[in-house]
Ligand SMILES: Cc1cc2nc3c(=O)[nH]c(=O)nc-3n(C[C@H](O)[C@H](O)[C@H](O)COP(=O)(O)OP(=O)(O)OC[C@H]3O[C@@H](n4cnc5c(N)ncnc54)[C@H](O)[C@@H]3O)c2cc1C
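Presented below, as structure tokens, is a lone chain in the form predicted on its own.
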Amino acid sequence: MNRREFSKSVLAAGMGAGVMIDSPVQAASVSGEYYEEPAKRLAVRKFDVIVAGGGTGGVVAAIAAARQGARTALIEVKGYPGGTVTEGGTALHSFYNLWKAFPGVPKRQVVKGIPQEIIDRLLKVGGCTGHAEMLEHYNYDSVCTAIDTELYKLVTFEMLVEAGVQVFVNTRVAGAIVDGRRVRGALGESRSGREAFYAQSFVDCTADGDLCAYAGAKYSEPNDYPVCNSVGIGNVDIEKYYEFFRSNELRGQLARGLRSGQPNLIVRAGADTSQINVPELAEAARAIGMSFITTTVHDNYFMFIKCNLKLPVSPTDRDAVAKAELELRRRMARAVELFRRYIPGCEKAFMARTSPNLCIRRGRLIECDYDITHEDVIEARHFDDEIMVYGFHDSAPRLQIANGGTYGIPYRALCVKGLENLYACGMMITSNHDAHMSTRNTVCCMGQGQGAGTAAALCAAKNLGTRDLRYPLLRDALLKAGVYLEA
């Protein structure tokens, strides 16, 4: 093909495009600094509900929507579901209220529904400790619910397919089609090309708020947390690990539950880095942002050892994240070295697992109709439109929900301001940092997902906007699906 024929083919490819999406750059620069991409026709897929992001909340949102009868698609950038549950934490916090820290307060499981179904499925295949009660340091959490990361990916993938969700893994949300205040579609990109996913209702569970940002939602980027990656360490002995802390008179964490199929074995142990009284170890751990608290579902394996890194800019900055990815991997390798050198039973430890990319605690903060406050959380406030209740705070014991109680997540806290048919779930909501230290946690994100997915399906069935949905209809659907709500 000569130059003239090539030019004709490029022009032909750009003519008659059915969907025009604005590019960040609209005109080619004379200096050649920009390239103007030709418009093109995109294949269209039609659904009732689109869930963007198959992580902690997205899995539950998609299952919930599909079970309500909605034709549901889940778009996930990785090759598997799970998100922060499988990559970022040490346990799932928390299905229960903090009853153990408040003598006389009754024990209550306050998150049920689909999140508990996932735990039940994991227990059947040996992929969970169960809700193991904390025996030490229980003013932080009353239980430890630890999971096998790989079995979690498998179990949730199977549950999605069983529910009838069409799962598009290895696909990135790359744009939005917006008509006024209504989202018409999400653009997806994969090795199969670029596609338009049309739907009536949308749920953003991307953690970074990608779909919301593409749709024009208002947001900020607080950059108020470190990023992290976590390493799984093999060939270790958790009994000796716990004994190391006990013999050094460190009041760390301890929980016993199912491990390698056997009950009443240690499944959580460790202490905060600030408590370590071996000066060389403590200093080295602080230098790499390492926490000593870990969990396990299997003998001879620590599921998560977390290393943190504070970025100077928001984790939506690709170039800053690229540098952080390398630094975190260096830190995780250093963490394994420290275990070998200082921790009994870990002399031959090795790096068995890492997350495919760094994890965030907050990227974009999306403006929604209601912003949950610090007082809402610690004063155990409830609302007339709540979609779940929650009783865990990641800043405990410094901050706790009053009297071992719960607070409610109001429906309107998920409704993206300025858009009629888009929900935001998980770490994208709640501007106050202290309040966010509760609402961003895994089990809260799961519960939010069930609320948003259920609402999205109900709205799609009646062609309603998020603010037109009658709350009694949503409440009834959630209760029928096993969600726990305060009377």
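Just count from 1 along the sequence shown to find any residue number. Bear in mind the structure is a predicted one, so any value in this text is a computation, not a measurement.
Another form exists, predicted in complex with this ligand; not displayed. Remarks below refer to it.
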| Even though this ligand is not shown here, does Ile63 get within 4.5 Å of it in the predicted bound form, heavy atoms only? | no
| query | Taking the shortest heavy atom distance, is Ala70 within 4.5 Å of this ligand in the predicted bound form? | reply | no
| Should Val416 be classed as touching this ligand in the predicted bound form when contacts are defined as heavy atoms within 4.5 Å? | no
| query | Taking the shortest heavy atom distance, is Thr206 within 4.5 Å of this ligand in the predicted bound form? | reply | yes
| message | For a quick test of understanding: in the predicted bound form, does each of Cys228, Met427 and Arg440 have a heavy atom within 4.5 Å of this ligand? | response | yes
| note | Here the chain appears without its partner; judged in the predicted bound form, the stretch of 309-317, 99-107, 172-180, 322-330 with heavy atoms within 4.5 Å of this ligand is 172-180
| message | Please identify the residue among Cys368, Ala132, Ala91, Val165 with any heavy atom within 4.5 Å of this ligand in the predicted bound form. | response | Ala91
| remark: As a check of understanding, the residue in Arg412, Lys112, Arg361, Arg121 with any heavy atom within 4.5 Å of this ligand in the predicted bound form should be identified as Arg361
| task | Pull the contact list for 444-466: residues with a heavy atom within 4.5 Å of this ligand in the predicted bound form, in sequence order. | result | Cys445
